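Take a look at this single chain, the form predicted on its own, given in structure tokens.
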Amino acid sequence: MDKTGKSTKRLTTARELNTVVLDYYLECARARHEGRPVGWMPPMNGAIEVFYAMDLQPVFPENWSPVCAAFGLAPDNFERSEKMGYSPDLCGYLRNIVGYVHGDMNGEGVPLGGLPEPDLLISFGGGCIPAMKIFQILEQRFPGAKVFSADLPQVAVEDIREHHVKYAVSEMERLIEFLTETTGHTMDYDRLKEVVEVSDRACELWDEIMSYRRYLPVPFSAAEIGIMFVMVTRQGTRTAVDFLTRMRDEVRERAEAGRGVIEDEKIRLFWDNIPLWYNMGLFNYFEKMGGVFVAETYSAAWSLRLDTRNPIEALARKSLMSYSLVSCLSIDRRREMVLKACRDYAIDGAVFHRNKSCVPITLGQADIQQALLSELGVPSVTIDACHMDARNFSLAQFQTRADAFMEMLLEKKRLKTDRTS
């Protein structure tokens, strides 16, 4: 396995994702020529559906960072941002975007044509602090862009109350007023209801797809989790629903036919934290010893159903809850989520990515590892890395730990089988 490498994909639909990605970025590039204003925004909020309903073009600089990592563009962006004084200890998404927007954004070698410059900057609040800081930096880089800043509270999902929802609704309404005034595009509320219904259908399909990972053998692994691209960029569009429908059908067929990721699945693995976008191939590394990643933390971000009867309130709740499902959690709540996933998917072992670039969702991993072992008897191993910066990943260290961990899990399972036979 190379230090940087793509993952091996078994699903036809996962291989088709390249076309979906290309079509999206071509759409972004065409937007201004077609009279559609371009707005940059964080992912995981209700502004996405608002943009599609108002025929505006949403662009996601945070999501662009994994693309840069996968295409090998991130190292140059890191070098540029560090020369500007940004510490290499900061979030990799932030450092990548800073470097990217202060370089030749659409120059030779930039994948997929790069990003179009923004007409609008939508800082929607409710996300992690680096994501919000990105938009402060973008305001300075693109002084001609119109800026909308929301101020959603950071509230744990279980602590959201009616006054939080009312405030979020008022921010959604304020966003629509801002977009109408700055772009001349008006909201068709019947169209918005359709967009929200389509968005909810995508979430329903996502949950159904994930449910088939309970099968033994598992029909697809974390190596193909890049499919979440449609959940980031295409929520509220038929593109997402059509793609996920095809994937659901393929996954269901494989599950019912007993076709797994590998021929002899021996160990079912769980991945905690963000994947290494520059090396998704490490998920395949465990397969040589019969290990398959059947579940991961990140999948939970898209399990968010919407009440389509009240579209504005549904999008307000989504904006409050999306980040909280993954990154704005107490250690106790994260522990509950990981333990539940390991029970639901019959996990034999867990791999914890100690992510230098995202400390908030790395905190508490030792407590969760201890709980997994004491409550479920599930051992774990820690991998030191960064989800964006390959300089913080040692291939030799990873392979040593992964091999030893798999040997231990295989011996543990053999002993368990011997005792019960």
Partner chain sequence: MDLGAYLSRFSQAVRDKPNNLRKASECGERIIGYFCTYTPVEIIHACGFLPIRIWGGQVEVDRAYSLVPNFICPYMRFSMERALKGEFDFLTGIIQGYTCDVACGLMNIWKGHIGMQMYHSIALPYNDSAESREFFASALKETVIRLRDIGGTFSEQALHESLALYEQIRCRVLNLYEMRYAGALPFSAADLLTIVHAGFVMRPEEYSALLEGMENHLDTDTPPEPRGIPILISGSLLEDPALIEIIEGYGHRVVADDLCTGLRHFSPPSGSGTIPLDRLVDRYMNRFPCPSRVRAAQRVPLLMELIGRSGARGVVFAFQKFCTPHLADYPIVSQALRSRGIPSIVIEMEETGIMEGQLRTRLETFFSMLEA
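In this text, all values refer to a predicted model and were calculated from it rather than measured experimentally. Positions refer to the first chain, counted from 1.
Missing here is the form predicted together with the partner chain; even so, the following discussion is about that form.
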Closest heavy atom of T245 to the partner chain in the predicted bound form, within 4.5 Å or not? no
At the 4.5 Å heavy atom threshold, is M84 in contact with the partner chain in the predicted bound form? yes
May I ask you to check whether L304 falls inside a 4.5 Å heavy atom distance of the partner chain in the predicted bound form? no
Flag E171 as yes or no: does it have a non-hydrogen atom within 4.5 angstroms of any non-hydrogen atom of the partner chain in the predicted bound form? yes
With the distance limit set at 4.5 angstroms and only heavy atoms considered, check whether G349, S394 and A402 all reach the partner chain in the predicted bound form. no
Interface check vs the partner chain in the predicted bound form: of C128, M210, C203, A341, the one with a heavy atom inside 4.5 Å is C128
May I ask you to choose, among Y100, F286, Y323, Y345, the residue with a heavy atom within 4.5 Å of the partner chain in the predicted bound form? Y323
Looking at 90 to 98, 232 to 240, 260 to 268, 69 to 77, which stretch has residues with any non-hydrogen atom within 4.5 Å of the partner chain in the predicted bound form? 90 to 98
Residues in 364 to 389 with any heavy atom within 4.5 Å of the partner chain in the predicted bound form: G364, A366, D367
